[in-house]
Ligand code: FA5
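Encoded as structure tokens, the following chain is the form predicted alone, with no partner shown.
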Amino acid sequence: MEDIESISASIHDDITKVKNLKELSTLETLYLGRNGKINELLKKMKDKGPEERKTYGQSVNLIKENFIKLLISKKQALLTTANNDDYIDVTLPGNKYPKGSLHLISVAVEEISRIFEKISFIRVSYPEVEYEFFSFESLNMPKTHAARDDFETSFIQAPQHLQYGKMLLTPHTSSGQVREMWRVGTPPIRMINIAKTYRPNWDATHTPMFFQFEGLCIDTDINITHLKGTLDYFVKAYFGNDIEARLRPHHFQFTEPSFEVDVTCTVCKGTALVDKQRCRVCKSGWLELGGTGMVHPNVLISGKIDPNIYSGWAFGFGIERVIMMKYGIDDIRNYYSGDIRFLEQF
């Protein structure tokens, strides 16, 4: 018991002499450490008789509790002083540092990928530097087609392939359609292809490089109702349940029949009016999303698939455009300006 009284008295003296948190940490180890003074007292319990052991143990535990209370109180007091700059309290939360975020196009790519994964579409990737055959001939676009002009397509100065022709920066993700047919061989095919595409344009709604995502579905008995159902699913999943899609007849070389896809204007919600004034964005309640249609039989033949057995549909949308429609962005060049004030909004 003399040891207990001696340590109890020394605790108060030692706590009083502590001047900073580092000394307090050392004192804590001195008393509560594995070989500390209080543990040394507990080790002596085995030498006590049965009657004395209970009283002895209670006394040691009381010293321990009192020491912990004094320790906490002293620590709180020291934390309010200004002389502890050299001490790091690892129990305190760290400082939050500013961090970046994904670009809004990257966010859209991941979101669109997840939407189509839920209906069993497989995301693939095909070359950005492509041959004429895959970008034009295989898609039923003859050599006289306007899209094959130097003003519409970025050709590369490189030796021509004897079979596939000139090299170019792919102007659309549709160049992956025949490659996917060759890869799979026998349908069914459910492809989503998201990639960079290139066209020599630069204005408020066009950039020389932009992202497209291509959908391709080929199987037996595929028809326009399957296409419309898929588009309805995507539009509601991406833009919201209050947005509708419609098909408007159009012409594309690689689909027949072909359609433009319009969706409910996200600004006026299809009313064509904003504050009783005609909507400046759509003027009609609809916005054009992109092109689609049933895969042309000649394209199926290029893909080594029998058009008498299989049919399919395809669509191609610009990712920058769908983001513009979702958030009301009025200039596509904002995506690539690097202006952090714009990018931080997303």
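From a predicted model like this one, the values you see are computed outputs, not experimental measurements. Note that residue numbering begins at 1 and tracks the sequence as displayed.
The same protein also has a form predicted together with the ligand, omitted here; what follows describes it.
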Does the ligand get within 4.5 angstroms of any non-hydrogen atom of Thr153 in the predicted complex? no
Contact test in the predicted complex: Tyr131 vs the ligand, heavy atoms, 4.5 Å: no
Using heavy atoms and a 4.5 Å limit, would one call Asn201 a contact residue for the ligand in the predicted complex? yes
Ala314 near the ligand in the predicted complex, any heavy atom under 4.5 Å? yes
At 4.5 Å by heavy atoms, is each residue in Glu214, Thr255 and Ile332 next to the ligand in the predicted complex? yes
Between the options Arg190, Arg148, Lys166, His172, which residue brings a heavy atom to within 4.5 Å of the ligand in the predicted complex? His172
Counting only non-hydrogen atoms, the one stretch of 27 to 35, 57 to 65, 43 to 51, 290 to 298 within 4.5 angstroms of the ligand in the predicted complex is 290 to 298
